[in-house]
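Just one chain is shown here, as structure tokens, and it is the form predicted on its own.
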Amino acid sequence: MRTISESRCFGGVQGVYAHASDATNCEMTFGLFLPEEAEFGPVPVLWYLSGLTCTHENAMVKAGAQKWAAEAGVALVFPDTSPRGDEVPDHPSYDLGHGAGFYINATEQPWAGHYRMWDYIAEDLPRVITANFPIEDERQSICGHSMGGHGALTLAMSLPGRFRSVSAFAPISHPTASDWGRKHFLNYLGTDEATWAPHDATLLMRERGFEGEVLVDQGTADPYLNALMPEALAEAMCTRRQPGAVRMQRGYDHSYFFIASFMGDHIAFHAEALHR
């Protein structure tokens, strides 16, 4: 692992680091905010997964999360959204290739050699974080936006015991039935739709739910609302009687202005679970 930068931030440190990843077979970059409490011992951690076209930097710079995390004594991890580099396959479309890993393990060519973002988030990066920083293994929560909201929800429901809480901003809620999902699954996973189901938050909610609480915020003025399908996830949560809430926020869109407006709510939600 190498340090790219470290800056003092709300009494803690906002760092950017790079490491060689076994999962993605390339160098990966991530951001990590450590609150002041990390100077004295391990702290709980909140993972933030970003959406299409983003890098580790978007949420780190735009979400305003560090202020709230510092007050809560919680670390923040900002992973990248895909493998990158000249040797990593890309696509001219904005929603495939670099910036569009979709938090799954690709099985189709040319993607299979590098696009293993599920393993990267679930196994590879956690090993790097806990080996190099004062982070508590047993106190973790996860959050994400759009494609990252899809990743946060599917990881949380598929890894029982890993995360104490999960939240999402405008998640891709039902990708097997959406243009934001079917294209990615077809390219990364192939034509067998049985392999798609484990990566659909609505289907996972119907099948198993989440052992903790769920918080979802969705803007009513989001231009991608039809592709995100929050109503499918809300219906699945109601049918399962899943503890949590899907909140439709009047007039908000898909941007980081929306995320910054409710980031304090989300960190407070996770801090309550992490410090319980």
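Just count from 1 along the sequence shown to find any residue number. Here the structure is a predicted model, which is why all the values come from computation and not from measurement.
This protein has a second form, the form predicted together with another copy of the chain, left out of what is shown; the following refers to that one.
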Legend entry - Site test, 133, 136 and 242 vs another copy of the chain in the predicted complex, non-hydrogen atom cutoff 4.5 Å: no
Inset, instruction - May I ask you to state whether residue 248 is within 4.5 Å of another copy of the chain in the predicted complex, using heavy atom distances? - result: no
Legend entry - Close approach of residue 55 to another copy of the chain in the predicted complex, 4.5 Å, heavy atom: no
Legend entry - residue 14: touches another copy of the chain in the predicted complex, heavy atom cutoff 4.5 angstroms: yes
Inset, instruction - Decide whether residue 62 counts as a contact residue for another copy of the chain in the predicted complex under a heavy atom distance cut-off of 4.5 Å. - result: yes
Inset, instruction - Using a 4.5 Å heavy atom cut-off, indicate which stretch of 44 to 52, 64 to 72, 223 to 231, 209 to 217 touches another copy of the chain in the predicted complex. - result: 64 to 72
Legend entry - Contact set, 245 to 269 vs another copy of the chain in the predicted complex - heavy atom within 4.5 angstroms: 250, 251, 252, 253, 255, 257, 258, 260, 261
